[in-house]
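Quick heads-up: it's one chain on its own, the form predicted alone, in structure tokens.
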Amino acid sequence: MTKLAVRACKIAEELSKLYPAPECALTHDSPFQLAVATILSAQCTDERVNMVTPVLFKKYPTPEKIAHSTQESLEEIIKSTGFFRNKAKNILGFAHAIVNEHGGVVPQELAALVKLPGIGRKTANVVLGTAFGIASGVVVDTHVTRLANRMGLTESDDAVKIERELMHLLPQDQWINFSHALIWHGRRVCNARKPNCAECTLAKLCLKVGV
């Protein structure tokens, strides 16, 4: 095991102490709803998404309901999340594919998920990890990108490359909780504008304390 991998595992261990049962911040009642919420979260805060999805899922709680909706009706509900036309198109396409190709059930295979409209690797990892407990990869969002760079676990800003690097550094059974915990730590302690290094228990493992 390399020195970097040892430090990464120590970071994961400390995070597990801080956040022993980290959960996805997106509210949902099914794998399908989680996928839709994750599509909406692109270039948008989870808080905003969680304000929109209760309205969306009350009107359209299932893939079948959304598949029978219209682009315009979806746009009206999700407008505040930004890029709403493209998101509505993706959500509608995703719902149709789930209904017509998968019998209304979200598949539990990465290869099948990433073929669906609006579903990239990040969204697929979120769904598989959170909804099914399947460690298909490491979810890399803006928080994970920022903290992984601050902690010296990567020097890249490319999500695909960062995920690949983190997957090499960490045991597979830590992939799901590591990303969730890192996201929570990014929100609560190591925020973008003013990281609270003085009270961060990971400071001793971080390469950019106070920077």
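Residues carry their position along the shown sequence, with the first being 1. Here the structure is a predicted model, which is why all the values come from computation and not from measurement.
Missing here is the form predicted in complex with the DNA; even so, the following discussion is about that form.
For the candidate spot formed by 48, 116 and 123, every residue has a non-hydrogen atom within 4.5 angstroms of the DNA in the model of the complex. Residue contact with the DNA in the model of the complex: residue 100 places no heavy atom within 4.5 Å of it.
Using a 4.5 angstroms threshold between heavy atoms, residue 132 stays clear of the DNA in the model of the complex.
In the model of the complex, the DNA sits beyond 4.5 Å of every heavy atom of residue 13.
The DNA in the model of the complex is not approached by residue 17, whose heavy atoms all lie more than 4.5 angstroms from it. Residue-level contacts in the model of the complex: of 67, 183, 162, 170, one residue has a heavy atom within 4.5 Å of the DNA, and it is 183. For the partner-free chain shown, 79, 80, 82, 83, 84, 85, 86, 90 of 66-93 come within 4.5 angstroms of the DNA in the model of the complex, judged by any non-hydrogen atom.
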